[in-house]
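Listed next as structure tokens is one chain, alone, in the form predicted on its own.
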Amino acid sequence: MIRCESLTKFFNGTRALEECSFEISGPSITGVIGVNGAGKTTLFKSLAGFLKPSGGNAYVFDQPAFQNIIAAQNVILVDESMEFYPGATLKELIDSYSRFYRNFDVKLAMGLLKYFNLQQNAKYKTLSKGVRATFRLILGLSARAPITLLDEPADGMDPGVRTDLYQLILKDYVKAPRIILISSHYLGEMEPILEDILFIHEGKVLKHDGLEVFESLLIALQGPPDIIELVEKRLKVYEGKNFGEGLRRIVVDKEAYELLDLSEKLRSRLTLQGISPEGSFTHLTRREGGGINELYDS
């Protein structure tokens, strides 16, 4: 239902997205993961039809998303830049959204207001940052749009509310399956509800696959330095650390290591440990060279 083909976007000569291509054809909860500035928000606004691509295109139901009524009726983007009438109450905003989104569940919205202890007559502009984020999520889920884009939905929320938020997203997805994209640079707290991950770095899609693939993307090898050095000379190393004179640990690509021409005798002297998806994300987005240790040790 959504597709990007070589989607590229520049702002005043600065690249925000470059040749992004991926497709999501059916209901799923996908985590759009990337550090701040990776291009997540630009991607979401392109899919919602708010931004005109500089190159390539974003499609919703096989139609270009930009300023398209089909996209507008079937996509809801929830982010902190959502604009509301300055003096509108929460109930008035719910009524307004219910008139635009044909699947909007008013009963659900009012129930969530009560659950999160939000007064329906309160004005949005008077709410704190975290409470505003909660209300925006209520609107986004209650709209039941076929394509729901949640851009950093937990930003500003207390830890307890964040836990409720992710459980709410999962329960609502089970009740009304659709395409849900959630952007964040905190992968760990979202893992329990994700099916797929769209990994964006420096405006490019590095990988789009199931969560299970990211669970076996990188591995840590630990063993005698002389054997570890043989691996280091032939594979990209994301992290290396010595533990005394007789032990060294490195992080490498699991598939590359499995394809490495290394005897079983040498492999048997190495200890392998899996790296979590969040750990893999941290390693893959870390700047090469010039790290904190180098900065202070120089």
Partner chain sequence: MKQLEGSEPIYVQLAVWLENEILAGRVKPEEKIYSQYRLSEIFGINPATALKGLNILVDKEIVYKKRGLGMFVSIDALKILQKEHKNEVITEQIRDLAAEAKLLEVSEEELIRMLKKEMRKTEASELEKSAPMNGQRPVQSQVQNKTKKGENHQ
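Numbering follows the first chain given and starts at 1. It should be emphasised that the depicted structure is a prediction, and the values quoted were computed from it without experimental measurement.
Below: the form predicted together with its partner chain, not depicted.
For the candidate set 80, 191, 105, 95, a heavy atom within 4.5 Å of its partner chain in the predicted complex is found for exactly one residue, namely 191. Contact with its partner chain in the predicted complex, judged by any heavy atom within 4.5 Å, is made by just one of 251, 48, 38, 29: 29. At a distance threshold of 4.5 angstroms between non-hydrogen atoms, residue 170 is in contact with its partner chain in the predicted complex. Although the partner is absent from this view, residue 202 stays clear of its partner chain in the predicted complex, with no non-hydrogen atom inside 4.5 angstroms. Although the partner is absent here, residue 211 sits close enough that one of its heavy atoms falls within 4.5 Å of its partner chain in the predicted complex.
In the predicted complex, its partner chain lies within 4.5 Å of some heavy atom of residue 215. Proximity to its partner chain in the predicted complex, taken as heavy atoms within 4.5 Å, picks out 162-170 from the listed stretches 95-103, 224-232, 118-126, 162-170.
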